[in-house]
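Two separate entries follow, structure 1 and structure 2, each one form of the same protein chain as C-alpha coordinates.
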Structure 1
Amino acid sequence: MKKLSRNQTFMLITIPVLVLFFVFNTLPLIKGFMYSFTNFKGFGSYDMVGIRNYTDLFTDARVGKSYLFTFKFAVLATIVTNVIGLLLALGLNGKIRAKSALRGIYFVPRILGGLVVGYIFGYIFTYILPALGLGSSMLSSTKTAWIAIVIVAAWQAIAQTTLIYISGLQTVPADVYEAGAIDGATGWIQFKELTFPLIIPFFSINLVLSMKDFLMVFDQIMALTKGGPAQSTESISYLIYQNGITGGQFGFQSANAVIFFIVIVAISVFQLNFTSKKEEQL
(Lines of atoms letter the chains of each structure in order from A and count residues from 1; the text may use other names and numbers.)
(Lines give C-alpha, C1' and ligand atoms only; values in the text may rest on other atoms or scores of the structure.)
Protein backbone atom coordinates (compact mmCIF):
# COMPACT_ATOMS: atom_id res chain seq x y z
CA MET A 1 0.00 0.00 0.00
CA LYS A 2 1.18 3.45 -0.88
CA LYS A 3 2.11 5.60 2.07
CA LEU A 4 -0.30 8.44 2.72
CA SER A 5 1.12 11.92 2.75
CA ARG A 6 0.72 14.12 5.79
CA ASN A 7 -2.03 16.13 4.11
CA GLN A 8 -3.91 13.02 3.01
CA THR A 9 -3.80 11.63 6.55
CA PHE A 10 -5.15 14.86 7.98
CA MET A 11 -7.94 14.93 5.39
CA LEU A 12 -8.89 11.33 6.15
CA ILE A 13 -9.18 12.25 9.82
CA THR A 14 -10.95 15.57 9.46
CA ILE A 15 -13.60 14.73 6.88
CA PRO A 16 -15.35 11.91 8.80
CA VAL A 17 -15.30 14.06 11.94
CA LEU A 18 -16.88 16.95 10.04
CA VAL A 19 -19.51 14.59 8.63
CA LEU A 20 -20.32 13.24 12.10
CA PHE A 21 -20.59 16.77 13.46
CA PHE A 22 -22.78 17.84 10.56
CA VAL A 23 -25.18 14.91 10.93
CA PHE A 24 -25.73 15.28 14.68
CA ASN A 25 -25.40 19.02 15.10
CA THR A 26 -25.90 21.08 11.96
CA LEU A 27 -28.50 18.84 10.34
CA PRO A 28 -30.83 18.80 13.39
CA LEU A 29 -30.27 22.55 13.69
CA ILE A 30 -31.43 23.06 10.10
CA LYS A 31 -34.32 20.65 10.57
CA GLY A 32 -35.38 22.44 13.74
CA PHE A 33 -35.34 25.68 11.81
CA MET A 34 -37.51 24.14 9.10
CA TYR A 35 -39.97 22.59 11.55
CA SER A 36 -40.38 26.02 13.10
CA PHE A 37 -42.31 27.11 9.99
CA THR A 38 -44.76 24.21 10.22
CA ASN A 39 -47.64 23.16 12.42
CA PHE A 40 -46.07 19.72 12.97
CA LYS A 41 -47.41 17.99 16.08
CA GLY A 42 -44.59 15.45 16.29
CA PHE A 43 -46.55 12.84 14.34
CA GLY A 44 -48.83 12.68 11.29
CA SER A 45 -48.94 15.17 8.45
CA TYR A 46 -48.26 18.87 8.68
CA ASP A 47 -48.43 22.08 6.67
CA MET A 48 -46.23 25.08 6.24
CA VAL A 49 -47.58 27.98 8.24
CA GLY A 50 -45.02 30.65 7.39
CA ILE A 51 -43.93 32.78 10.31
CA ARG A 52 -47.13 32.24 12.30
CA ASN A 53 -45.29 30.30 15.04
CA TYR A 54 -42.97 33.24 15.54
CA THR A 55 -45.73 35.82 15.74
CA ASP A 56 -47.63 33.53 18.11
CA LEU A 57 -44.54 33.14 20.30
CA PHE A 58 -44.52 36.81 21.18
CA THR A 59 -48.14 36.78 22.28
CA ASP A 60 -48.03 33.41 24.06
CA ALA A 61 -48.27 34.09 27.78
CA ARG A 62 -46.75 30.75 28.78
CA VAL A 63 -43.67 31.28 26.60
CA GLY A 64 -43.30 34.83 27.89
CA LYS A 65 -43.52 33.56 31.46
CA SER A 66 -40.87 30.91 30.83
CA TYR A 67 -38.43 33.50 29.47
CA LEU A 68 -39.08 35.75 32.43
CA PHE A 69 -38.55 32.89 34.89
CA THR A 70 -35.42 31.62 33.14
CA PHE A 71 -33.74 35.03 33.14
CA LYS A 72 -34.81 35.88 36.67
CA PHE A 73 -33.48 32.51 37.79
CA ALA A 74 -30.23 32.70 35.80
CA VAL A 75 -29.35 36.22 36.96
CA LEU A 76 -30.02 35.55 40.65
CA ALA A 77 -28.31 32.15 40.56
CA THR A 78 -25.26 33.64 38.82
CA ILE A 79 -24.97 36.39 41.44
CA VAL A 80 -25.45 34.01 44.39
CA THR A 81 -23.03 31.45 42.95
CA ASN A 82 -20.30 33.98 42.25
CA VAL A 83 -20.57 35.87 45.53
CA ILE A 84 -20.51 32.72 47.66
CA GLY A 85 -17.94 31.07 45.40
CA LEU A 86 -15.58 34.02 45.70
CA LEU A 87 -15.99 34.20 49.48
CA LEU A 88 -15.35 30.47 49.82
CA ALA A 89 -12.32 30.73 47.56
CA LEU A 90 -10.85 33.55 49.64
CA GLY A 91 -11.37 31.43 52.74
CA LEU A 92 -10.07 28.22 51.24
CA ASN A 93 -7.03 30.02 49.86
CA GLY A 94 -6.27 31.60 53.23
CA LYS A 95 -4.15 30.38 56.10
CA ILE A 96 -6.43 27.65 57.32
CA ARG A 97 -6.12 24.12 58.63
CA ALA A 98 -7.27 21.01 56.78
CA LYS A 99 -7.12 22.91 53.51
CA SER A 100 -7.20 20.02 51.09
CA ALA A 101 -9.87 18.12 53.02
CA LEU A 102 -12.09 21.20 53.05
CA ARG A 103 -11.53 21.83 49.37
CA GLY A 104 -12.36 18.20 48.67
CA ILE A 105 -15.65 18.40 50.55
CA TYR A 106 -16.74 21.69 48.99
CA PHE A 107 -16.20 20.21 45.54
CA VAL A 108 -18.50 17.20 46.05
CA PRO A 109 -21.71 18.85 44.74
CA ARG A 110 -20.07 19.32 41.32
CA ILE A 111 -19.83 15.59 40.68
CA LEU A 112 -23.39 14.68 41.68
CA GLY A 113 -26.21 14.46 39.17
CA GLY A 114 -28.64 17.38 39.14
CA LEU A 115 -31.72 15.18 39.08
CA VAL A 116 -30.92 13.16 42.20
CA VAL A 117 -29.72 16.27 44.03
CA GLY A 118 -33.03 17.86 43.10
CA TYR A 119 -34.97 14.94 44.59
CA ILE A 120 -32.99 15.09 47.83
CA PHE A 121 -33.54 18.84 48.17
CA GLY A 122 -37.18 18.37 47.27
CA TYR A 123 -37.55 16.39 50.49
CA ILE A 124 -35.73 19.08 52.47
CA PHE A 125 -38.03 21.79 51.13
CA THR A 126 -41.18 19.75 51.55
CA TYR A 127 -40.63 18.13 54.95
CA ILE A 128 -37.50 19.26 56.79
CA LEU A 129 -37.76 23.05 56.51
CA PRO A 130 -41.49 23.20 57.36
CA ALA A 131 -40.84 20.85 60.32
CA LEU A 132 -38.28 23.38 61.57
CA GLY A 133 -41.09 25.90 61.70
CA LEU A 134 -40.14 27.75 58.53
CA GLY A 135 -43.66 27.92 57.18
CA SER A 136 -45.05 25.72 54.45
CA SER A 137 -43.05 24.20 51.62
CA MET A 138 -41.16 26.68 49.45
CA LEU A 139 -42.08 24.58 46.46
CA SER A 140 -45.84 25.02 46.86
CA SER A 141 -45.93 28.78 46.46
CA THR A 142 -45.45 30.61 43.16
CA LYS A 143 -43.58 33.31 45.10
CA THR A 144 -40.89 31.05 46.57
CA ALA A 145 -40.62 27.99 44.29
CA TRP A 146 -38.17 29.72 41.95
CA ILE A 147 -35.97 30.68 44.93
CA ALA A 148 -35.84 27.02 45.92
CA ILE A 149 -34.55 26.16 42.45
CA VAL A 150 -31.95 28.94 42.71
CA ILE A 151 -30.76 27.42 46.01
CA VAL A 152 -30.36 23.91 44.59
CA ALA A 153 -28.73 25.05 41.35
CA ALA A 154 -26.36 27.35 43.22
CA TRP A 155 -25.51 24.62 45.75
CA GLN A 156 -24.18 22.55 42.88
CA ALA A 157 -22.61 25.32 40.79
CA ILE A 158 -20.72 26.94 43.67
CA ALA A 159 -18.33 23.97 43.79
CA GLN A 160 -16.84 24.63 40.37
CA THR A 161 -17.01 28.42 40.67
CA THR A 162 -15.07 28.28 43.94
CA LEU A 163 -12.42 26.08 42.41
CA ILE A 164 -11.91 28.43 39.46
CA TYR A 165 -11.60 31.39 41.83
CA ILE A 166 -9.05 29.48 43.92
CA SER A 167 -6.92 28.83 40.86
CA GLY A 168 -7.27 32.54 40.08
CA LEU A 169 -6.16 33.56 43.55
CA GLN A 170 -3.14 31.30 43.27
CA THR A 171 -1.95 33.31 40.26
CA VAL A 172 -1.64 36.42 42.43
CA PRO A 173 1.99 36.60 43.57
CA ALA A 174 2.60 37.04 47.30
CA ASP A 175 4.79 40.11 46.78
CA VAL A 176 1.77 42.00 45.42
CA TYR A 177 0.20 41.70 48.86
CA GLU A 178 3.46 42.57 50.57
CA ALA A 179 3.88 45.69 48.44
CA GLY A 180 0.24 46.56 49.04
CA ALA A 181 0.61 46.11 52.78
CA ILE A 182 3.37 48.72 52.82
CA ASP A 183 0.89 51.18 51.33
CA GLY A 184 -1.60 50.16 53.96
CA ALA A 185 -3.78 47.96 51.75
CA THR A 186 -5.32 45.26 53.92
CA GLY A 187 -8.71 43.66 54.29
CA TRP A 188 -11.42 45.03 52.03
CA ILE A 189 -9.19 47.61 50.35
CA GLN A 190 -6.63 44.94 49.58
CA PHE A 191 -9.34 42.82 47.97
CA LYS A 192 -10.89 45.69 46.01
CA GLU A 193 -7.70 47.33 44.81
CA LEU A 194 -5.30 44.39 44.46
CA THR A 195 -6.88 40.96 44.48
CA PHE A 196 -10.03 41.48 42.46
CA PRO A 197 -8.48 43.36 39.51
CA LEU A 198 -5.92 40.57 39.19
CA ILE A 199 -8.50 37.80 39.07
CA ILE A 200 -10.91 39.51 36.67
CA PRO A 201 -10.18 36.96 33.91
CA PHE A 202 -11.37 34.24 36.27
CA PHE A 203 -14.36 36.33 37.21
CA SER A 204 -15.37 36.54 33.55
CA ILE A 205 -14.87 32.82 32.99
CA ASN A 206 -17.15 32.13 35.93
CA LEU A 207 -19.79 34.62 34.80
CA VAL A 208 -19.90 33.21 31.29
CA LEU A 209 -19.91 29.56 32.36
CA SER A 210 -22.46 29.85 35.14
CA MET A 211 -24.83 32.11 33.23
CA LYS A 212 -24.84 29.76 30.25
CA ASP A 213 -25.48 26.70 32.42
CA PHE A 214 -28.26 28.38 34.36
CA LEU A 215 -30.04 29.56 31.21
CA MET A 216 -30.30 25.91 30.15
CA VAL A 217 -31.60 24.68 33.52
CA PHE A 218 -33.59 21.46 33.23
CA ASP A 219 -32.71 18.65 35.67
CA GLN A 220 -33.45 20.59 38.86
CA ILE A 221 -36.84 21.65 37.52
CA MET A 222 -37.69 18.14 36.42
CA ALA A 223 -36.90 16.92 39.94
CA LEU A 224 -38.29 19.74 42.08
CA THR A 225 -41.35 21.30 40.52
CA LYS A 226 -42.00 19.98 37.01
CA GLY A 227 -42.59 23.61 36.09
CA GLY A 228 -45.18 24.25 38.81
CA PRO A 229 -46.85 25.63 40.79
CA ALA A 230 -49.05 27.29 38.16
CA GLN A 231 -46.26 27.07 35.54
CA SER A 232 -44.25 29.58 37.55
CA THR A 233 -40.97 27.63 37.25
CA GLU A 234 -41.07 26.49 33.65
CA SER A 235 -37.64 27.14 32.17
CA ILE A 236 -37.29 27.55 28.41
CA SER A 237 -35.61 24.14 28.06
CA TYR A 238 -38.28 22.50 30.18
CA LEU A 239 -41.11 24.08 28.17
CA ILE A 240 -39.55 23.02 24.87
CA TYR A 241 -39.18 19.46 26.18
CA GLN A 242 -42.59 19.33 27.81
CA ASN A 243 -44.72 20.81 25.05
CA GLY A 244 -42.53 19.97 22.10
CA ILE A 245 -42.00 16.28 22.74
CA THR A 246 -44.99 15.24 24.79
CA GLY A 247 -47.41 18.11 24.21
CA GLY A 248 -47.92 18.02 20.43
CA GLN A 249 -46.33 21.43 19.80
CA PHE A 250 -43.32 20.21 17.84
CA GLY A 251 -43.49 23.01 15.26
CA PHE A 252 -44.34 25.78 17.68
CA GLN A 253 -41.66 24.79 20.21
CA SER A 254 -39.13 24.51 17.37
CA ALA A 255 -39.73 28.21 16.77
CA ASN A 256 -39.26 28.77 20.48
CA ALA A 257 -35.98 26.82 20.34
CA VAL A 258 -34.74 28.92 17.40
CA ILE A 259 -35.39 32.12 19.36
CA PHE A 260 -33.72 30.57 22.43
CA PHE A 261 -30.69 29.69 20.30
CA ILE A 262 -30.44 33.27 19.04
CA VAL A 263 -30.75 34.58 22.59
CA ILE A 264 -27.95 32.28 23.83
CA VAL A 265 -25.64 33.32 20.97
CA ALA A 266 -26.41 37.01 21.56
CA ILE A 267 -25.70 36.75 25.28
CA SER A 268 -22.50 34.78 24.75
CA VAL A 269 -21.19 37.25 22.17
CA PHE A 270 -22.13 40.16 24.41
CA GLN A 271 -20.45 38.61 27.46
CA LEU A 272 -17.30 37.74 25.55
CA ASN A 273 -17.00 41.25 24.10
CA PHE A 274 -17.77 42.85 27.42
CA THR A 275 -15.29 40.82 29.42
CA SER A 276 -12.49 41.04 26.84
CA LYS A 277 -12.85 44.84 26.94
CA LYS A 278 -12.61 44.74 30.73
CA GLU A 279 -9.47 42.67 30.51
CA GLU A 280 -7.90 45.04 27.98
CA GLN A 281 -8.33 47.91 30.37
CA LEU A 282 -6.00 46.26 32.84
Structure 2
Amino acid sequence: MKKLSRNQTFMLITIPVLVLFFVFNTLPLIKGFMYSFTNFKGFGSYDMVGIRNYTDLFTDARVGKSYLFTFKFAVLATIVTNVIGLLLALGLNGKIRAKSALRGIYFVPRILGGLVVGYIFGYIFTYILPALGLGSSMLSSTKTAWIAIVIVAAWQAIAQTTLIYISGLQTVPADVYEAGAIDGATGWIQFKELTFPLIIPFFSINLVLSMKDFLMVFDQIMALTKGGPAQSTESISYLIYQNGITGGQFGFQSANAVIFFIVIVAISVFQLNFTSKKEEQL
Protein backbone atom coordinates (compact mmCIF):
# COMPACT_ATOMS: atom_id res chain seq x y z
CA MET A 1 0.00 0.00 0.00
CA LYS A 2 1.38 3.38 -1.06
CA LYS A 3 2.24 5.65 1.84
CA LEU A 4 0.54 9.04 1.76
CA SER A 5 2.73 12.10 1.53
CA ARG A 6 2.62 14.86 4.15
CA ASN A 7 0.54 17.15 1.91
CA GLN A 8 -1.91 14.37 1.05
CA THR A 9 -2.41 13.62 4.74
CA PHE A 10 -3.16 17.28 5.46
CA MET A 11 -5.65 17.33 2.58
CA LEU A 12 -7.47 14.27 3.93
CA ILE A 13 -7.79 16.00 7.28
CA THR A 14 -8.79 19.39 5.84
CA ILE A 15 -11.38 18.38 3.24
CA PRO A 16 -13.92 16.80 5.68
CA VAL A 17 -13.65 19.87 7.93
CA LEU A 18 -14.26 22.20 4.99
CA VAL A 19 -17.25 20.13 3.86
CA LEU A 20 -18.77 20.20 7.35
CA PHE A 21 -18.12 23.95 7.63
CA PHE A 22 -19.81 24.58 4.29
CA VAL A 23 -22.84 22.39 5.06
CA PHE A 24 -23.51 23.68 8.58
CA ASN A 25 -22.24 27.26 8.29
CA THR A 26 -21.82 28.66 4.80
CA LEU A 27 -24.86 27.00 3.20
CA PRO A 28 -27.34 28.18 5.91
CA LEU A 29 -25.83 31.67 5.58
CA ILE A 30 -26.44 31.67 1.83
CA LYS A 31 -29.99 30.35 2.24
CA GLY A 32 -30.72 32.93 4.93
CA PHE A 33 -29.53 35.69 2.61
CA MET A 34 -31.85 34.37 -0.11
CA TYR A 35 -34.81 34.19 2.28
CA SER A 36 -34.21 37.83 3.23
CA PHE A 37 -35.68 38.84 -0.13
CA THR A 38 -38.89 36.86 0.47
CA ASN A 39 -41.95 36.91 2.72
CA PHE A 40 -41.18 33.39 3.95
CA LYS A 41 -42.87 32.61 7.29
CA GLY A 42 -40.75 29.59 8.11
CA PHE A 43 -43.17 27.17 6.52
CA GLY A 44 -45.28 26.85 3.40
CA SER A 45 -44.89 28.80 0.18
CA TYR A 46 -43.44 32.27 -0.18
CA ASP A 47 -43.00 35.07 -2.71
CA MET A 48 -40.11 37.33 -3.61
CA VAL A 49 -40.50 40.85 -2.19
CA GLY A 50 -37.22 42.40 -3.31
CA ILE A 51 -35.62 44.76 -0.81
CA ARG A 52 -38.86 45.51 1.06
CA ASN A 53 -37.67 43.65 4.17
CA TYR A 54 -34.53 45.79 4.28
CA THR A 55 -36.42 49.07 3.90
CA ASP A 56 -38.96 48.03 6.54
CA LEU A 57 -36.16 47.38 9.03
CA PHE A 58 -35.37 51.10 9.19
CA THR A 59 -38.96 52.01 10.06
CA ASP A 60 -39.64 49.24 12.58
CA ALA A 61 -39.62 50.73 16.09
CA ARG A 62 -39.09 47.35 17.76
CA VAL A 63 -36.00 46.65 15.67
CA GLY A 64 -34.59 50.10 16.45
CA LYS A 65 -35.22 49.61 20.17
CA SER A 66 -33.44 46.24 20.11
CA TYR A 67 -30.40 47.76 18.38
CA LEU A 68 -30.20 50.55 20.98
CA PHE A 69 -30.40 48.07 23.84
CA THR A 70 -27.84 45.74 22.28
CA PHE A 71 -25.27 48.48 21.72
CA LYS A 72 -25.79 49.92 25.20
CA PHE A 73 -25.42 46.49 26.74
CA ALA A 74 -22.39 45.50 24.62
CA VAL A 75 -20.44 48.70 25.30
CA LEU A 76 -20.97 48.59 29.08
CA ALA A 77 -20.33 44.84 29.34
CA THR A 78 -17.14 45.16 27.26
CA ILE A 79 -15.82 47.93 29.52
CA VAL A 80 -16.68 46.06 32.74
CA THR A 81 -15.23 42.78 31.49
CA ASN A 82 -11.95 44.23 30.29
CA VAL A 83 -11.36 46.45 33.33
CA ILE A 84 -12.02 43.67 35.83
CA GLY A 85 -10.24 41.08 33.66
CA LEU A 86 -7.12 43.22 33.41
CA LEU A 87 -7.09 43.90 37.17
CA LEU A 88 -7.45 40.19 37.92
CA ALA A 89 -4.70 39.36 35.42
CA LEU A 90 -2.33 41.83 37.05
CA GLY A 91 -3.04 40.24 40.42
CA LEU A 92 -2.78 36.64 39.23
CA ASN A 93 0.43 37.41 37.36
CA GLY A 94 2.10 38.68 40.50
CA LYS A 95 4.08 36.74 43.07
CA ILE A 96 1.19 35.27 45.07
CA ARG A 97 0.54 31.86 46.53
CA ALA A 98 -1.53 29.25 44.68
CA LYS A 99 -1.92 31.47 41.65
CA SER A 100 -2.22 28.45 39.33
CA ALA A 101 -5.13 27.13 41.39
CA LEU A 102 -6.75 30.58 41.41
CA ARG A 103 -6.46 30.81 37.62
CA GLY A 104 -8.31 27.50 37.34
CA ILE A 105 -11.02 28.66 39.74
CA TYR A 106 -11.52 31.93 37.86
CA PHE A 107 -11.95 30.01 34.59
CA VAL A 108 -14.80 27.83 35.91
CA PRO A 109 -17.57 30.30 34.86
CA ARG A 110 -16.42 30.01 31.24
CA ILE A 111 -16.93 26.24 31.29
CA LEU A 112 -20.56 26.53 32.35
CA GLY A 113 -23.22 27.05 29.68
CA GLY A 114 -24.80 30.47 29.30
CA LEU A 115 -28.29 29.11 29.93
CA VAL A 116 -27.17 27.28 33.07
CA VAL A 117 -25.50 30.39 34.47
CA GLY A 118 -28.53 32.47 33.53
CA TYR A 119 -30.99 30.20 35.33
CA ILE A 120 -28.79 30.14 38.46
CA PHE A 121 -28.53 33.92 38.59
CA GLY A 122 -32.21 34.22 37.74
CA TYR A 123 -33.03 32.29 40.92
CA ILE A 124 -30.60 34.49 42.90
CA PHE A 125 -32.11 37.73 41.57
CA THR A 126 -35.72 36.57 41.97
CA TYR A 127 -35.65 34.72 45.29
CA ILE A 128 -32.35 34.94 47.20
CA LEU A 129 -31.71 38.70 47.11
CA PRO A 130 -35.32 39.70 47.94
CA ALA A 131 -35.31 37.14 50.80
CA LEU A 132 -32.22 38.87 52.21
CA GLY A 133 -34.10 42.16 52.22
CA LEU A 134 -32.21 43.64 49.25
CA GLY A 135 -35.30 44.93 47.48
CA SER A 136 -37.42 43.36 44.78
CA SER A 137 -36.10 41.33 41.88
CA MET A 138 -33.83 43.26 39.52
CA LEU A 139 -35.45 41.38 36.65
CA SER A 140 -38.89 42.90 37.30
CA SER A 141 -37.89 46.50 36.56
CA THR A 142 -37.15 48.05 33.18
CA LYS A 143 -34.49 50.19 34.89
CA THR A 144 -32.49 47.34 36.44
CA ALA A 145 -33.17 44.23 34.32
CA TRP A 146 -30.50 45.14 31.76
CA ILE A 147 -27.97 45.73 34.55
CA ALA A 148 -28.64 42.20 35.83
CA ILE A 149 -27.87 40.84 32.35
CA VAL A 150 -24.63 42.85 32.24
CA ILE A 151 -23.61 41.36 35.61
CA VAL A 152 -24.26 37.78 34.49
CA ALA A 153 -22.68 38.13 31.04
CA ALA A 154 -19.60 39.90 32.37
CA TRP A 155 -19.17 37.41 35.23
CA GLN A 156 -18.99 34.58 32.72
CA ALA A 157 -16.82 36.39 30.15
CA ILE A 158 -14.21 37.72 32.59
CA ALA A 159 -12.58 34.29 32.80
CA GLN A 160 -11.46 34.17 29.17
CA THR A 161 -10.51 37.85 29.17
CA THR A 162 -8.34 37.37 32.26
CA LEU A 163 -6.44 34.43 30.78
CA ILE A 164 -5.71 36.35 27.57
CA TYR A 165 -4.37 39.28 29.58
CA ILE A 166 -2.25 36.90 31.68
CA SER A 167 -0.78 35.50 28.46
CA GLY A 168 0.06 39.04 27.39
CA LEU A 169 1.62 39.98 30.70
CA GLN A 170 3.87 36.92 30.58
CA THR A 171 5.34 38.12 27.26
CA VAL A 172 6.67 41.30 28.87
CA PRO A 173 10.43 40.81 29.52
CA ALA A 174 11.55 41.20 33.13
CA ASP A 175 14.42 43.47 32.09
CA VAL A 176 11.87 46.04 30.88
CA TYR A 177 10.65 46.45 34.45
CA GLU A 178 14.21 46.50 35.75
CA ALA A 179 15.12 49.30 33.36
CA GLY A 180 11.92 51.15 34.28
CA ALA A 181 12.65 50.81 37.99
CA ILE A 182 16.04 52.48 37.45
CA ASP A 183 14.21 55.45 35.92
CA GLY A 184 11.77 55.51 38.83
CA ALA A 185 8.80 53.93 37.01
CA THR A 186 6.66 52.17 39.59
CA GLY A 187 2.97 51.55 40.22
CA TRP A 188 0.62 53.35 37.84
CA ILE A 189 3.46 54.93 35.84
CA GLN A 190 4.98 51.49 35.26
CA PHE A 191 1.64 50.13 34.02
CA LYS A 192 0.87 53.16 31.84
CA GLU A 193 4.29 53.58 30.26
CA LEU A 194 5.61 50.00 30.15
CA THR A 195 3.05 47.27 30.71
CA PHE A 196 0.01 48.45 28.78
CA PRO A 197 1.85 49.51 25.57
CA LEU A 198 3.42 46.04 25.42
CA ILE A 199 0.12 44.19 25.81
CA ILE A 200 -1.84 46.31 23.31
CA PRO A 201 -2.18 43.32 20.89
CA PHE A 202 -3.85 41.28 23.65
CA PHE A 203 -6.04 44.25 24.53
CA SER A 204 -7.10 44.38 20.86
CA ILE A 205 -8.01 40.68 20.88
CA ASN A 206 -10.07 41.04 24.05
CA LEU A 207 -11.80 44.16 22.78
CA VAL A 208 -12.89 42.53 19.52
CA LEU A 209 -13.91 39.22 21.09
CA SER A 210 -15.80 40.87 23.96
CA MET A 211 -17.69 43.29 21.73
CA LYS A 212 -18.59 40.55 19.24
CA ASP A 213 -19.81 38.15 21.92
CA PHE A 214 -21.83 40.79 23.75
CA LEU A 215 -23.44 42.10 20.57
CA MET A 216 -24.64 38.55 19.97
CA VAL A 217 -25.97 38.08 23.53
CA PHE A 218 -28.76 35.52 23.62
CA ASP A 219 -28.42 32.81 26.29
CA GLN A 220 -28.48 35.16 29.27
CA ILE A 221 -31.55 36.99 27.97
CA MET A 222 -33.30 33.72 27.18
CA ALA A 223 -32.70 32.47 30.73
CA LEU A 224 -33.23 35.69 32.68
CA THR A 225 -35.84 37.94 31.04
CA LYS A 226 -36.92 36.60 27.64
CA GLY A 227 -36.70 40.17 26.39
CA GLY A 228 -38.82 41.66 29.17
CA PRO A 229 -40.04 43.48 31.05
CA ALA A 230 -41.91 45.35 28.30
CA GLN A 231 -39.31 44.33 25.69
CA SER A 232 -36.71 46.48 27.49
CA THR A 233 -34.01 43.78 27.29
CA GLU A 234 -34.72 42.43 23.83
CA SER A 235 -31.42 42.03 22.01
CA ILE A 236 -31.10 41.75 18.25
CA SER A 237 -30.25 38.04 18.43
CA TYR A 238 -33.22 37.34 20.67
CA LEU A 239 -35.55 39.36 18.42
CA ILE A 240 -34.36 37.44 15.35
CA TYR A 241 -35.03 34.16 17.15
CA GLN A 242 -38.34 35.19 18.71
CA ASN A 243 -39.98 36.72 15.64
CA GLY A 244 -38.11 34.77 12.99
CA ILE A 245 -38.36 31.21 14.28
CA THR A 246 -41.58 31.35 16.29
CA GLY A 247 -43.23 34.58 15.11
CA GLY A 248 -43.68 33.89 11.40
CA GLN A 249 -41.26 36.60 10.23
CA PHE A 250 -38.53 34.34 8.91
CA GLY A 251 -37.87 36.39 5.77
CA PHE A 252 -37.98 39.74 7.57
CA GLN A 253 -35.71 38.59 10.40
CA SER A 254 -33.34 37.01 7.87
CA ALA A 255 -32.86 40.51 6.48
CA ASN A 256 -32.30 41.72 10.05
CA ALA A 257 -29.67 38.99 10.52
CA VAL A 258 -27.86 40.03 7.33
CA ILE A 259 -27.72 43.67 8.44
CA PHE A 260 -26.62 42.62 11.91
CA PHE A 261 -23.83 40.48 10.44
CA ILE A 262 -22.58 43.46 8.42
CA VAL A 263 -22.71 45.68 11.51
CA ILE A 264 -20.65 43.23 13.59
CA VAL A 265 -18.03 42.87 10.84
CA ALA A 266 -17.84 46.66 10.43
CA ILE A 267 -17.39 47.21 14.17
CA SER A 268 -14.73 44.49 14.40
CA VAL A 269 -12.79 45.97 11.46
CA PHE A 270 -13.00 49.45 13.01
CA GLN A 271 -11.72 48.15 16.35
CA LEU A 272 -8.81 46.32 14.74
CA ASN A 273 -7.83 49.36 12.65
CA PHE A 274 -8.10 51.67 15.66
CA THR A 275 -5.98 49.50 17.95
CA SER A 276 -3.43 48.76 15.20
CA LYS A 277 -2.90 52.50 14.77
CA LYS A 278 -2.36 52.81 18.53
CA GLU A 279 0.22 50.01 18.33
CA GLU A 280 2.06 51.85 15.57
CA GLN A 281 2.08 55.08 17.61
CA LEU A 282 3.57 53.24 20.58
Partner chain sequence: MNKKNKVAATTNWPVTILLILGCLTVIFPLYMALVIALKKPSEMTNDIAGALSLPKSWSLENFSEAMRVTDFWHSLGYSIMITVVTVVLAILIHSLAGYAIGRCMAKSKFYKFSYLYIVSGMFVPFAILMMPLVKQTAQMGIDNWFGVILCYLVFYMPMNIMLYTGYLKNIPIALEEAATIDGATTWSTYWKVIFPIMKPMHATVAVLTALGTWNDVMTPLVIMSGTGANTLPLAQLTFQTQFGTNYNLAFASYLLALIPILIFYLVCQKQIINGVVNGAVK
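Keep in mind that this is a model prediction, so the values were computed, not measured. Numbering for residues begins at 1 and runs along the sequence of structure 1. Basically, rigid core = biggest C-alpha set you can superpose within 1.5 Å across the two forms.
Between the two chain copies, the one drawn from the form predicted alone is structure 2. Splitting the chain into two rigid parts between structure 1 and structure 2 separates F121 from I15. Rotation of the smaller rigid part against the larger between structure 1 and structure 2, from C-alpha superpositions: 11 degrees. Core superposition gives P130 a CA displacement of 2.3 Å between structure 1 and structure 2. The two forms, fitted on their core, place the C-alpha of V19 4.8 Å apart, compared between structure 1 and structure 2.
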